[in-house]
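One chain comes next, on its own, written as structure tokens: the form predicted alone.
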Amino acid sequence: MDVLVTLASPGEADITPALTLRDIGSFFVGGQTVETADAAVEQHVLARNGVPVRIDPNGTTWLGQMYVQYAIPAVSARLPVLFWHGGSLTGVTWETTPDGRQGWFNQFLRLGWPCYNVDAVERGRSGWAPRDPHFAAPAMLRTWQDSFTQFRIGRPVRDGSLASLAAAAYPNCRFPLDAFGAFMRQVVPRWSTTDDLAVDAYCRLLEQVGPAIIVAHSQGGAFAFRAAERCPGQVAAIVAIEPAQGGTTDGAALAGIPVLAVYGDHLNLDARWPTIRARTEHYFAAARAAGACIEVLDLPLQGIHGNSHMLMMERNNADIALLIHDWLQKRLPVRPDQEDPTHA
């Protein structure tokens, strides 16, 4: 595939080859049926001035399913790339950026990779089960003040004006501050008790479309390591974008799976991130001792400064996508005999 890469401004690549798709669609994967008995019958008015509807919650419902969107380039001999988002977010993370530019889902498609984008269990179109114990605790919803600091865009601020955000932003900020409000519309409620459901669904996805590459962000990185520990034969490579933590074993299952961890800037300015990274590095050390090949791309050490936790949304997101693309091409062979995955 011929790829035209132009520079929109210094240090900001633009991935612009024509995009022709062979297939595009979506499906649900994973989950389990749950039986409810002895619950009270309810009545709800579902529309203004409507007739009350009798809702009987007793019976069979579905729990832990996951929504998957996919697009397959017309010509591709590459392994599929699965995009796994982070906490408080959905698959929108990888789509159009908050300020309207191409996200990684689109860019990787244009680079010739079949792409799969998920809304993890409980998020977005995957939904949640209000009567299940996994959702008994109140959901958490991030404020924009918390998100601005926790995602390492800048120092704490109270005023959400662009001038205040720009004044509080960390040096050389790459995040599109003028679109921070659009970003916050993507933030959704989450629970801290659904990890096992999510890992189960992710493993089912790998069984269905793998072997595959996982590109995972933050919480999704932790899920990627756990899924690789459970079903290593279905994971061809992992690109962990600022993973929130490692896996839950000694990492020996990662032997034979190339791993790239990518970090942005200003971790030392945050109260939590030095500890988060240290714990993840401890997991990496154990995995390396067991034979795993784990590489770290520290963007500031490459002369790329100003990136926050949201690398895939920032003004230089195409530069970072190309670094990952090049790494994948070096680590994974092209497979002209790649079989079409089953979406059923």
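Residue numbers here begin at 1 and follow the sequence given. No experiment lies behind these values; they were computed from the predicted model shown.
There is another form of this protein, the form predicted together with a further copy of the same chain, and it is not shown here; the text below is about that form.
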| query | finding |
| --- | --- |
| Contact check for 113, 170 and 242 against a further copy of the same chain in the predicted complex, heavy atom at 4.5 Å | no |
| Option touching a further copy of the same chain, based on a heavy atom within 4.5 Å in the predicted complex, out of 256, 133, 189, 233 | 189 |
| Of 154, 91, 251, 210, the one that lies within 4.5 Å of a further copy of the same chain in the predicted complex (heavy atoms) | 91 |
| Segment assignment from 137-145, 210-218, 162-170, 260-268: heavy atom within 4.5 Å of a further copy of the same chain in the predicted complex | 137-145 |
| Non-hydrogen atom contact residue 44 with a further copy of the same chain in the predicted complex at 4.5 angstroms | yes |
| Residue 33 within 4.5 Å of a further copy of the same chain in the predicted complex, heavy atoms | yes |
| Residue contact check: residue 53 to a further copy of the same chain in the predicted complex, 4.5 Å heavy atom | yes |
| a further copy of the same chain contact at residue 70 in the predicted complex, heavy atom, 4.5 Å | yes |
| Within 19-51, the residues that have a heavy atom no more than 4.5 Å from a further copy of the same chain in the predicted complex | 19, 20, 21, 22, 23, 24, 25, 26, 27, 28, 29, 30, 33, 35, 42, 44, 45, 46, 47, 48, 49, 50, 51 |
